[in-house]
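Below you will find one chain, with nothing else, as structure tokens; this is the form predicted alone, and questions on how it binds or moves follow later.
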């Protein structure tokens, strides 16, 4: 059995991410949005709204649709599943999702996950 080391980038204190909100960060040259749900779960997606091209998803509305935690873009209101990056309003569209972990109160963002992979 072999293991692959994954580089994690420390982004901010988890307390800096508001409940039901997001913050933007630059991780390895990519605009990333880090979100925290009402229950305290932390997720990371690309910050770029694929419909407008604007780097704004971190300013979206965090909530849920059914059992899926989502962020709704502040531009045109499409909802993206925080677990996978899939757009719930257009199945042909998704945004990259990232590995994320909280270690000693600090949010760390890793590499992009394969499309559709759930954390």
Partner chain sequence: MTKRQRIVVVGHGMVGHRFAQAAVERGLTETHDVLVLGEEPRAAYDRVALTSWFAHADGDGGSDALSLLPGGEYDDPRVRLVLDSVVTEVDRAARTVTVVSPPSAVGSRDGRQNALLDQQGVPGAVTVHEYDVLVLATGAAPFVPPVEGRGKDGCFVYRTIEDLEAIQAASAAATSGVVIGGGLLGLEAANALVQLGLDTHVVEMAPRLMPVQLDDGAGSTLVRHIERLGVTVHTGVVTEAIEGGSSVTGLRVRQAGTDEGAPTQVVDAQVVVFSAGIRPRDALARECDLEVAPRGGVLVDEQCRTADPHVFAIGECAAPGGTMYGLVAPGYAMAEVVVDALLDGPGTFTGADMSTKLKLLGVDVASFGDAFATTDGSLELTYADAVAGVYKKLVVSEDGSRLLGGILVGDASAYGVLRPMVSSGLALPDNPEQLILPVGTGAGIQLGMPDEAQVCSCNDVTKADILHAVTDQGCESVGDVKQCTRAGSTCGSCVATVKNIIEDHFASVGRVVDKGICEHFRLTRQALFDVVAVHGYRRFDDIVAAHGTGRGCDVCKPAIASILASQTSTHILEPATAELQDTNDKYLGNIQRNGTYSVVPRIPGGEITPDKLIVIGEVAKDYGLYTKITGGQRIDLFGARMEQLPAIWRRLVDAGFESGHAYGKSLRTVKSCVGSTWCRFGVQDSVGLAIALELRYRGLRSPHKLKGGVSGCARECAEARGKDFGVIATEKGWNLYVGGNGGATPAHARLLAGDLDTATLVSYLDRFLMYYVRTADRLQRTSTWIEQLDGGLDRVREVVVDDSLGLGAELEAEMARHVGGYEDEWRATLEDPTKLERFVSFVNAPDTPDPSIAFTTERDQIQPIAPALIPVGAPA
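Note that the coordinates shown come from a computational prediction; the quantities given were computed from them, not determined experimentally. Numbering follows the first chain given and starts at 1.
Below: the form predicted in complex with the partner chain, not depicted.
A.B. asks: Report yes if all three of 52, 61 and 72 come within 4.5 Å of the partner chain in the predicted complex by some heavy atom, otherwise no.
C.D. replies: Judged in the predicted complex, 52, 61 and 72 all sit within 4.5 Å of the partner chain.
A.B. asks: Looking at the partner-bound form in the predicted complex, is residue 24 within 4.5 Å of the partner chain by any heavy atom?
C.D. replies: Although the partner chain is absent here, residue 24 would touch it in the predicted complex, with heavy atoms inside 4.5 Å.
A.B. asks: Applying a 4.5 Å heavy atom distance criterion, does residue 11 contact the partner chain in the predicted complex?
C.D. replies: So residue 11 counts as contacting the partner chain.
A.B. asks: Taking heavy atoms only, is residue 56 within 4.5 angstroms of the partner chain in the predicted complex?
C.D. replies: Although the partner chain is absent here, residue 56 would touch it in the predicted complex, with heavy atoms inside 4.5 Å.
A.B. asks: Using a 4.5 angstroms cut-off on non-hydrogen atoms, would residue 105 count as touching the partner chain in the predicted complex?
C.D. replies: Taking the distances in the predicted complex, the answer for residue 105 is no, it never comes within 4.5 Å of the partner chain.
A.B. asks: Going through 81 to 105, which residues have a heavy atom within 4.5 Å of the partner chain in the predicted complex? Please give them in sequence order.
C.D. replies: Contacts from 81 to 105: none.
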